[in-house]
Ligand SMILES: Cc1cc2nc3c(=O)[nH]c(=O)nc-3n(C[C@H](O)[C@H](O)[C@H](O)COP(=O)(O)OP(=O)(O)OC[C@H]3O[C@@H](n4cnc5c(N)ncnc54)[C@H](O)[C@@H]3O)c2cc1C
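A single chain comes next, written as C-alpha cells; it is the form predicted on its own.
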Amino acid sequence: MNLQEMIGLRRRCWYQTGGDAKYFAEPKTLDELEELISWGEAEGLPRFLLGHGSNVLFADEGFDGLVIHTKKLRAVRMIGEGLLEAEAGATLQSLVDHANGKGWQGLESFPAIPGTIGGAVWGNAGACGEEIGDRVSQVRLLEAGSPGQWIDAASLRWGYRCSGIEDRVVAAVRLRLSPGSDPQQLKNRSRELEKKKRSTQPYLLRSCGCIFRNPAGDISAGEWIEKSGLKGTSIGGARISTEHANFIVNEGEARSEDIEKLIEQVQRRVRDLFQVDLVREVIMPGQRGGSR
C-alpha cells in the first residue's frame, strides 16, 4: 500500500496551512484505493480523501488518521458518444478541456475550478448557476470490504453543494454530455468565464475559493460580508479578500487557526446584524474525523 507516516499536509493544500497526517498514501490504482479503505477501516482510523486540496482547511494539529491523496488516479476515458469516464483524481479542468475539444456541451461553464472530479461530485460543485450533478450519469462508490459498484446518479440525493454520497468514497465518475457543438464556441465560452473569474476573485493568492455557501435569497454570501463591513479584516496572516469578500486569503504566514477565527467572526457579525446564518463551504476535517 506504500503507506507513509507523519506527512505534512500544508504543501498539499492551497491554503498551505495545517499539521501532519498520521498516515498518508497516494494510490496509483482503484484496487490500491480499495485496499487502503479496507485497511483504514480495520485499524479503526478516521480517513479523509484529499483531491487538489483547494477546498480544505486542515487543523494546525494535523489529522490523526489516514489521508488518501487521489492525485495519481487521473485516468480519463471516452466510453461512448457524449459519455466521459474519469477516475476521482482527474482535474475538473482536464475534463472541461476534453469535453470542449470533442464538441461535447455540458462542462464549458466549469473552467478554472482548481479541484478534482471526485471532490466536485461529492460536493456537487456549481458554477454559473449550473451544478456538476446535472452532468453525472453514474458514480463508482467504494466502502470498506466492498469492491465498489456503479450507482445511478438518479438514486443519489442531490442538493445545493451536496450529493448524498456522505461517507462513501468516490472512485470514478461517468458524465453524460451533449455531442454536436462547435468545439471553438465551447472553448470561447470557457475562456470568457475564466477571464471573468480571474478579474473578480483573488485567483493567484492562497485561498480555498468561496468560504461560505450562498444563503437563500437574492443576496450572496459575499454581499452579506461586505454589508457587514468586514471586507479587508485580518487576523494574523489571514485576511478577508478586498477583491471578493467571500474569500479568505493567506497573505504569507497564516495558521489554520487565524482563518478559523476569521470564519467565526464573519458568521457572528452577519448573524448579529442581519439574522442570516452563513454556512461554511470549506471542508474542515477534525483531528479525529468529522468536522470541526
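Bear in mind the structure is a predicted one, so any value in this text is a computation, not a measurement. Numbers follow the displayed sequence, beginning with 1.
Quick note: we don't show the form predicted together with the ligand, though the next part is all about it.
Stretch-level contact check against the ligand in the predicted complex with heavy atoms at 4.5 Å: of 203-211, 143-151, 184-192, 216-224, the positive one is 203-211. Contact here is defined as any heavy atom lying within 4.5 Å of the ligand in the predicted complex, and by that definition not a single one of Gly82, Asn100 and Leu177 is a contact residue. The contact residue chosen from Ala86, Val170, Val96, Val136 relative to the ligand in the predicted complex is Val170, the criterion being a non-hydrogen atom within 4.5 angstroms. Under a 4.5 angstroms non-hydrogen atom cutoff, the ligand in the predicted complex has Asn55 among its neighbouring residues. Contact annotation for Pro27: none of its heavy atoms lies within 4.5 Å of the ligand in the predicted complex. The ligand in the predicted complex is not approached by Ser256, whose heavy atoms all lie more than 4.5 angstroms from it. Although the partner is absent here, Lys71 lies well away from the ligand in the predicted complex, with no heavy atom inside 4.5 Å. Contacts of stretch 102-119 with the ligand in the predicted complex, defined by any heavy atom lying within 4.5 Å, are made by Ala112, Ile113, Pro114, Gly115, Thr116, Gly118, Gly119, listed in sequence order.
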